[in-house]
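Only one chain comes next, encoded as structure tokens, the form predicted on its own.
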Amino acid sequence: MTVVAGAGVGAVVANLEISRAWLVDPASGREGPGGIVVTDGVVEAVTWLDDADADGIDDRGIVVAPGFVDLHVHFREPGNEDAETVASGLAAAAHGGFTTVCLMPNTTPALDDPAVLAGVRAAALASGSPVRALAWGAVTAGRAGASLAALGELADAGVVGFSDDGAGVPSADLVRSALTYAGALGLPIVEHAEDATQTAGAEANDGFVATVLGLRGWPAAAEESAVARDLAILPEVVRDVPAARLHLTHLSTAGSLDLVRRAKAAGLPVTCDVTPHHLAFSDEWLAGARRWAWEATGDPWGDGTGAIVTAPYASSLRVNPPLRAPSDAAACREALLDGTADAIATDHAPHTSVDKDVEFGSAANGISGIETALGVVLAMVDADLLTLAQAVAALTTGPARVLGARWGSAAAPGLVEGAPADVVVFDRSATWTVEAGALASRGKNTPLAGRELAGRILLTVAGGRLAYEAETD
């Protein structure tokens, strides 16, 4: 791999030449050995090799793919810059291979006003990062759940849709109004599906692990009833506003995903995403187990495998929605495979030590996960639970389709000659150990500290500019 760039990250890539790599291009549906040349930040050539010239190249080595797209990140600015700033969040995104991120509006103040959006954009520009920062506007004023925000003004200012993430929209009337107005604007509503009346004081997935640990149960019904409500309202709105769209974020239960599956089969305009941690972790981790969800049995204490390897109640694992049973994690993976889930979104949620290094039930919800997402997803690929091409699609073309017209590009993410380079290069054969202190994010709240992951990011190029380059050994 040859890289000739300007003065560091953010500079225009003058020349990038990678030969004899494994290319994955979900936009064209093509995958195989080849090479890529970028000149002055533009993809000059994409070359695919035939079998005769591809000896020794496979998908276990250097991989070149379109830059990843994250539908769901929390960069905390304005209001909680100790946990993350736009600049540190963009650096973390680039380290994780992401070239486009969508910022959630649960900041302080909430992103319910074009002036707040302008401040976020100014921070992104000042960072010097070429990673593209898009934003969701709040559904309700101040995210207070009482009245709609100025959706039209936010749309004119350039938000990609609306969400009150961190909380669900509390009433059916507000959901109906939000879907109607957002649909008229051609933008989706992104719903955090949670009936808060069922989760007050809840700490962990309602099940065997929570019972043994003495943690207050968080029922699956709290998510599933909210999903059912929104899906019942959606066809009523669509009859009058055909452009109305609903996106359900970080779904975590088999029941929720089955509701979406049936809604899609009925032709409703609904999409959803799942997170790396709901795909690969289970509530067994709360007990001190650290095996992947597909290796779990549901009883980390009594299955004879020695699953418990660390102390229970790690607050880094407190997340909303909570880590579910292994069967729910399996349902999330099946939803990716059958198209029910459209994308993998990290729900990157950094927090300070003050908010996380406390008793489990008092800890803030969230995992700092954008830098470890690829490694977690590749663990599923290595376990033959999905293919590399499916994994890349869930991180690129899938989220771009959810964004729709506000994606802002005529084409889905791909390796396209003549286009500005949006590329991630990673080495599947190389492993790296997660060290919280080495993360670019200010949020060090990861349950993967000390874990070895596959897939070391070598290079991230966003919009033709260098966003991240790994240090050479």
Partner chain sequence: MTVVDGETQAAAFEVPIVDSPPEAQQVGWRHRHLLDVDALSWPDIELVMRTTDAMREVLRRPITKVPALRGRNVTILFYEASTRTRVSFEVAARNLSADVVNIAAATSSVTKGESLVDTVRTVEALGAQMLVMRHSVSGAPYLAAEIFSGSVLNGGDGWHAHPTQALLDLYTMQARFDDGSLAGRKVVILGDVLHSRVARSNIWTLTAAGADVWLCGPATLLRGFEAWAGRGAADGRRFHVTSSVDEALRDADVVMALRIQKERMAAGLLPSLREYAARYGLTRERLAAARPEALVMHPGPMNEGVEIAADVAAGAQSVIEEQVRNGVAVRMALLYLLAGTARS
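In this text the structure is predicted, and so the values were computed from the model without any measurement. Positions refer to the first chain, counted from 1.
Not on display, but discussed next: the form predicted in complex with the partner chain.
Would the partner chain in the model of the complex be within 4.5 angstroms of a non-hydrogen atom of every residue among 17, 414 and 426? No: none of 17, 414 and 426 comes within 4.5 Å of the partner chain in the model of the complex.
Looking at 384-392, 138-146, 213-221, 119-127, which lies within 4.5 angstroms of the partner chain in the model of the complex, counting heavy atoms? The contacting stretch is 213-221.
I'd like to know whether residue 78 contacts the partner chain in the model of the complex, with contact meaning heavy atoms within 4.5 angstroms. Residue 78: no, not in contact with the partner chain in the model of the complex.
Taking the shortest heavy atom distance, is residue 288 within 4.5 Å of the partner chain in the model of the complex? It does not: once the partner chain is placed as it appears in the model of the complex, residue 288 has no heavy atom within 4.5 Å of it.
Taking heavy atoms only, is residue 240 within 4.5 angstroms of the partner chain in the model of the complex? No, residue 240 sits far enough from the partner chain in the model of the complex that none of its heavy atoms falls within 4.5 Å.
Using a 4.5 angstroms cut-off on non-hydrogen atoms, would residue 108 count as touching the partner chain in the model of the complex? Looking in the model of the complex, residue contacts with the partner chain do not include residue 108, since no heavy atom lies within 4.5 Å.
Name the residue from 230, 206, 165, 328 that puts a heavy atom within 4.5 Å of the partner chain in the model of the complex. Contact with the partner chain in the model of the complex is made by 206 alone.
If the cut-off is 4.5 angstroms on heavy atoms, which of these, 298, 339, 235, 186, is the one near the partner chain in the model of the complex? It is 298 that has a heavy atom within 4.5 Å of the partner.
Residue by residue through 138-174, which ones have a non-hydrogen atom no more than 4.5 angstroms from the partner chain in the model of the complex? Contacts from 138-174: none.
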